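Presented as structure tokens, the chain that follows is alone, the form predicted on its own.
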């Protein structure tokens, strides 16, 4: 039986300390907005303790976009930092196909891995194989994307997707003065981050009844797909569009479509360099939250702690940064946007990624 110990968790994300103003809100935010109780649990991992060096398996959903490429490099960097403790390191790529990833996990288990690091293509599809892995006495460490059940993993390394969706929508609603029409562009349907961010955004919308959603579409975290969808939305809705909520890479493409149409509205995104540089150059009101690729390295560190029998958090929250071209009442940042935007970096680069000596540019 797993044992949990309540601990005091330091605030690693500025959103947990916000005090919300009543502007244009139909009702106050619930206190449950701030904390996920599972994040207050430490897991007793003594039953997984064994002598090293270890065999580590990493089942990756894909490297289908630039974030995932840099994330995979971070996992590999975690391996490089801990070579003295790791006998063999295996990595698989499921190409965003749940069926392939299930087969990948079974293959890693057949290779005799001591721990499975899992970034799930979709939550529901990978949950059964993760649960079976745990029942075999092999700890599962979820990173970036989790599986459905809390019992199917020891630790989940993440940075709150629900809080990200809330913050992005709160900034957008405040930029609009609590009134206007928006479109929402999500990531990959069924993936944990996309569904959790959407849920967080829609939770905020419930408090802004005069902010209306004209359309929601999944853009697969693709700048090209974001641009294509946005061009179609502009044709359908035109200047009725007052703002764009986007949870990731797709909004750099959506911003291009808006510029080509001669439109400029508040828009949210992440720390993709293309988004940061163009929002600054084109003068878009914009808000950006990073989803730190450094969680890849953290996942290896947590996996090794589990194999040493050390307690680990059930939900490991990675700190992140928030920047805005224009702050709002409840989203205030101290870091200037210009510090994050790098005109000498390629479009697909991510801020705060690998150590400088390992950057590919």
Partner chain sequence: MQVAVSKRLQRSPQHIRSLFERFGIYIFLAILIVTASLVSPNFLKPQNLKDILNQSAALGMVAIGQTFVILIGGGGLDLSVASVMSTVAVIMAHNTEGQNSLFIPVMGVCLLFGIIVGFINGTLITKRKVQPFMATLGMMIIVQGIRFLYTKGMPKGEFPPIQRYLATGDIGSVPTSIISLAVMVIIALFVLRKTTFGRKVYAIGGNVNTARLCGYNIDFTIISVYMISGFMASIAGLYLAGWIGISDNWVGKGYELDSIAAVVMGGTTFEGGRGGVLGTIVGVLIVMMLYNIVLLLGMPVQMQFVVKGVVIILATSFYASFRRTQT
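Residue numbers count along the first chain shown, from 1. Note that the coordinates shown come from a computational prediction; the quantities given were computed from them, not determined experimentally.
Form predicted together with the partner chain: not shown, discussed below.
A.B. asks: Using a 4.5 angstroms cut-off on non-hydrogen atoms, would residue 189 count as touching the partner chain in the model of the complex?
C.D. replies: Judged by the heavy-atom cut-off of 4.5 Å, residue 189 is in contact with the partner chain in the model of the complex.
A.B. asks: Does residue 223 make contact with the partner chain in the model of the complex, using a 4.5 Å heavy atom cut-off?
C.D. replies: Judged by the heavy-atom cut-off of 4.5 Å, residue 223 is in contact with the partner chain in the model of the complex.
A.B. asks: Is there a heavy atom of residue 349 no more than 4.5 Å from a heavy atom of the partner chain in the model of the complex?
C.D. replies: So residue 349 counts as contacting the partner chain.
A.B. asks: Would you please decide whether residue 149 lies within 4.5 angstroms of the partner chain in the model of the complex, comparing each non-hydrogen atom pair?
C.D. replies: Although the partner chain is absent here, residue 149 would stay clear of it in the model of the complex, with no heavy atoms inside 4.5 Å.
A.B. asks: Any chance 74, 289 and 334 all have a heavy atom within 4.5 Å of the partner chain in the model of the complex?
C.D. replies: No: no residue has a heavy atom within 4.5 Å of the partner.
A.B. asks: Which of these residues, 321, 325, 328, 64, gets a heavy atom within 4.5 Å of the partner chain in the model of the complex?
C.D. replies: If I apply the 4.5 Å criterion carefully, the residue I get is 64.
A.B. asks: From the list 199, 235, 206, 210, which entry has a heavy atom within 4.5 Å of the partner chain in the model of the complex?
C.D. replies: Of 199, 235, 206, 210, the residue with a heavy atom within 4.5 Å of the partner chain in the model of the complex is 235.
A.B. asks: At 4.5 Å between heavy atoms, only one of the stretches 66-74, 49-57, 297-305, 311-319 reaches the partner chain in the model of the complex; which one is it?
C.D. replies: Single hit among the candidates: 66-74.
A.B. asks: Under the 4.5 Å heavy atom criterion, name the residues of 196-227 that approach the partner chain in the model of the complex, in sequence order.
C.D. replies: Going through 196-227 in order - heavy atoms within 4.5 Å of the partner chain in the model of the complex - the hits are 215, 217, 218, 223, 224, 225, 227.
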